[in-house]
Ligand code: GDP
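Read the single chain below, which is given as structure tokens and is the form predicted on its own.
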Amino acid sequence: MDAPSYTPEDAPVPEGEIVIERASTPLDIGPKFNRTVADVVKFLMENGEMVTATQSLSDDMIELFVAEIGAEVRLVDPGEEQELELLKKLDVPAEDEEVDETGWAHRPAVITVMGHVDHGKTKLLDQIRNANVIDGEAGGITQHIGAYQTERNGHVLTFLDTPGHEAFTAMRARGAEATDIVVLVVAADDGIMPQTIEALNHARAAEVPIVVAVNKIDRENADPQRVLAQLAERDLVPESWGGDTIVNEISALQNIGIDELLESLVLVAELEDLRASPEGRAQGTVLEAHLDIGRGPVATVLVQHGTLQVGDPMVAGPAWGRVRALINDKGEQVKEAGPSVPVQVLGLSDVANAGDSFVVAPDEKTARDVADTREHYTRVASLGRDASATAGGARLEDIFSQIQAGEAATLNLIVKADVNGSLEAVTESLKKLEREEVKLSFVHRGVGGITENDVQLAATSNATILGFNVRPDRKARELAETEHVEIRNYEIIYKLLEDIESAMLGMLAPEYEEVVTGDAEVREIFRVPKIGAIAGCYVLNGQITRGSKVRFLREGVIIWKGEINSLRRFKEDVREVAAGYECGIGLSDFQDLKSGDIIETFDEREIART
């Protein structure tokens, strides 16, 4: 029996909250609202959205339709509802489920070091673990999250190093979520800076204790008291001022006050009474992930509960695998890792996403099933975003025509980076560059080198490829030349952002300069009935072209601007006349011609915006 066909007038909208997945098609959402596919498509078309029955819809399109029919809707990411079922499969307790913590053992504190760029975070960690990781980093900026352990008076402390450049805000936020204590590094000579406040906000959002390290006290212009005053203004009142914020004055360069800082951290860790169960299947967070040519996908994880062992089947976001090897912060292979221990994991099927949670599955089949389901829904979500975002997009060189036509231009980008942390940071930073007139659309984002597939995708979607710490292989380079795909490679995030920003500035409102293309001297004036004055000229330089814009100069002064209406040599109309030849020039609406006047032609050429 055929289903009844409703019309918008007589179809009742279902009561209560309707769950709709993002990137759904009219085919998906129509029946949920007792509407036909045609109803959805017709309404969106009437509102300027040209869609088909099987096209993924943006959030805005869905909300527009929902508002029209008066339904109550909750938009969820594809797979969000299924994810709850997957977690049950993995025996992961729900967030609101109470967990019995009886018999849990003490665990090391996880400490995140945060602060403004160049305030000495990396040097501080360097002193703590006596290994130099500063040399050789492009631009002197820590590009990736590292995790290290150190021991102090019998207490183990785990340190996470979060990069200081503002581009890595998302990474800092993730570091704070996986942390027990935040060390806020403030330079004694600089004081509190924008990124210091940003880091402080992350720490407060994570609701963790904050220990302040006032660094660079060995400098001549150091003023620790000013820093204390700035801290107090932001409700971090130092203990020495009667507050409860622990402040240590240090010099990471001179190794001054480092011992006292570590003792402060041990004290705070003891007060926090941090515990976890080393028993059972491991769970934790992916801190970083990248593709290693020799070893395959590598994930740096922080174990938060249970013990991760070699041979365990694990799932991390959409990646899964059996743990082939575990490598600790000293580069040694280990058999297992307990709570608060950071390790690199080898053996995953794919590059995990930084910030994903990982869990050891009951068996390999469950791990594979969960990862495959997640991967499917991640791809569906990505396709939906890309379908709506890339419509009408253009490359850098094509963008001006859209702007000049009064349209909102979209710049399509493919972003490839060495690790997920960098990828996320670059993406978030680029999003901040968007303007009202120019939107950015990420056609594809991925970890690893630039491949032929990336170039092919760029060619079909009119995209520019941005590579961060990665390079195209020879075949990709050759294909890019053939397909005229632009690839831009960067090692320092500042440069990448500067280039794209200047490109976008150029796109917003092109400026023009006038370039002289030719000039001719008026030697005789002819009067032609119904046409008016014609200037008999001799071309001195360049060339005179019919239709050119002109300036009429008399003794160097501009007395008129317009266009060349007619151009003749002898009695024939010509398109252009080169230097050294005579010609007759008719001007659009200027008759006041005198012998000796100069007719100067020019073009308007675009110049870069600054």
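The structure presented is a predicted model; accordingly, all values stated were derived computationally and were not measured. The first residue of the sequence shown is number 1, and the count goes up from there.
There is also a form predicted in complex with ligand GDP; it is not shown, and the following applies to it.
Contact annotation: ligand GDP lies within 4.5 Å of heavy atoms from the stretch 121 to 129 in the predicted complex, the single such stretch among 432 to 440, 447 to 455, 103 to 111, 121 to 129. By the criterion of a heavy atom within 4.5 Å, His202 is excluded from the residues contacting ligand GDP in the predicted complex. Ligand GDP is not drawn, but in the predicted complex it has no heavy atom within 4.5 Å of His305.
By the criterion of a heavy atom within 4.5 Å, Arg219 is counted among the residues contacting ligand GDP in the predicted complex. Ligand GDP in the predicted complex is approached by Ser251, whose closest heavy atom lies within 4.5 angstroms of it.
Note on contacts: among His116, Arg281, Arg374, His290, the single residue with a heavy atom within 4.5 Å of ligand GDP in the predicted complex is His116. Along 328 to 357, not one residue places a heavy atom within 4.5 Å of ligand GDP in the predicted complex.
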